[in-house]
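This document opens with one chain alone, in structure tokens, the form predicted on its own.
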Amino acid sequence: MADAPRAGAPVQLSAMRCVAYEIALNGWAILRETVNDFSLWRIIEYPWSTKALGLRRGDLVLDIGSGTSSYPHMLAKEGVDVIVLELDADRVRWQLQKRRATARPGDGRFFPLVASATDMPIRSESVDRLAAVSSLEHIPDDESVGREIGRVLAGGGLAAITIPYTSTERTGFFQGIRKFIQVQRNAFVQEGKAGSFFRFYTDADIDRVYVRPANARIGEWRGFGRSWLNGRYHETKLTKYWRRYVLKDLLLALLVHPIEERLDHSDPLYVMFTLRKP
């Protein structure tokens, strides 16, 4: 349960450590071009989520919508037990194969699970730590996901969530670069690409979809990707370098991101926040 003693050593997953793990998991070639979208945002999100959850060796984390992310493997390498919950069976198979190929003595346990986040086969109030890194915005029925997160979180449980953000309304996404069609308020689908649903959240949306169903309170709150990293890089034609040359993303995460967050008060592209269930 959430209030049980947690005696394991604290887990510290820095940006540089994330890059080192990504190389160990996927080879040196990822420094030239990533294979699983490991790039600037992930280098910011993975360390933050790990720290925000206060993880220790031996903890169990439910990771929602893992896809082909290396994050659950990084946590396992740090001695954390991870449930990888993903709807796509091929991606779960990829996760399992990657685990078998890279597992080492001392790693945490790894539990791949083919299931929908809208109806999780997990006992109510049984999860102490939950992570959803850049995944919930791709699920059209997010209200069901919010209810399920509230249901499975134990009393005192903690969730770390990262999702796209707007303070008011988004009417365009990747304009002039990729063709995204607006299908709902603040929601888009990439033309000709199945499964490309992408949603932005307002403060009211976050409260309605994730906070109230869990009867939770928001703890830590951070943003990233404002007018410099997003407006002058990601949502421009420079995005063609998004999956290339990972070391440039490490420098952007370590040098530009902290300065931007201190000086720039424009809307962030994403917010990262914790939910604490009472």
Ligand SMILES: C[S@@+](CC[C@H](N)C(=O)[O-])C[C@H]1O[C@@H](n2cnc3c(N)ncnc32)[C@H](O)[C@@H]1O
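One-based numbering along the sequence shown. What you see is a predicted model; the values in this text were computed from it and never measured.
Below, we turn to the form predicted together with the ligand, even though it does not appear here.
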{"query": "The ligand: the contacting residue among 179, 208, 185, 138 in the predicted complex [heavy atom, 4.5 Å]", "finding": "138"}
{"query": "Residue among 91, 99, 151, 170 with a heavy atom within 4.5 Å of the ligand in the predicted complex", "finding": "91"}
{"query": "Complete contact of 166, 252 and 267 with the ligand in the predicted complex (any heavy atom, 4.5 Å)", "finding": "no"}
{"query": "Stretch in contact in the predicted complex with the ligand, which is absent here, among 153 to 161, 103 to 111, 170 to 178, 82 to 90 (heavy atoms within 4.5 Å)", "finding": "82 to 90"}
{"query": "Contact test in the predicted complex: residue 46 vs the ligand, heavy atoms, 4.5 Å", "finding": "yes"}
{"query": "4.5 Å heavy atom contact, residue 116 and the ligand in the predicted complex", "finding": "yes"}
{"query": "In the predicted complex, residue 66 touching the ligand (heavy atom, 4.5 Å)", "finding": "yes"}
{"query": "Partner proximity in the predicted complex: residue 130 to the ligand, non-hydrogen atom cutoff 4.5 Å", "finding": "no"}
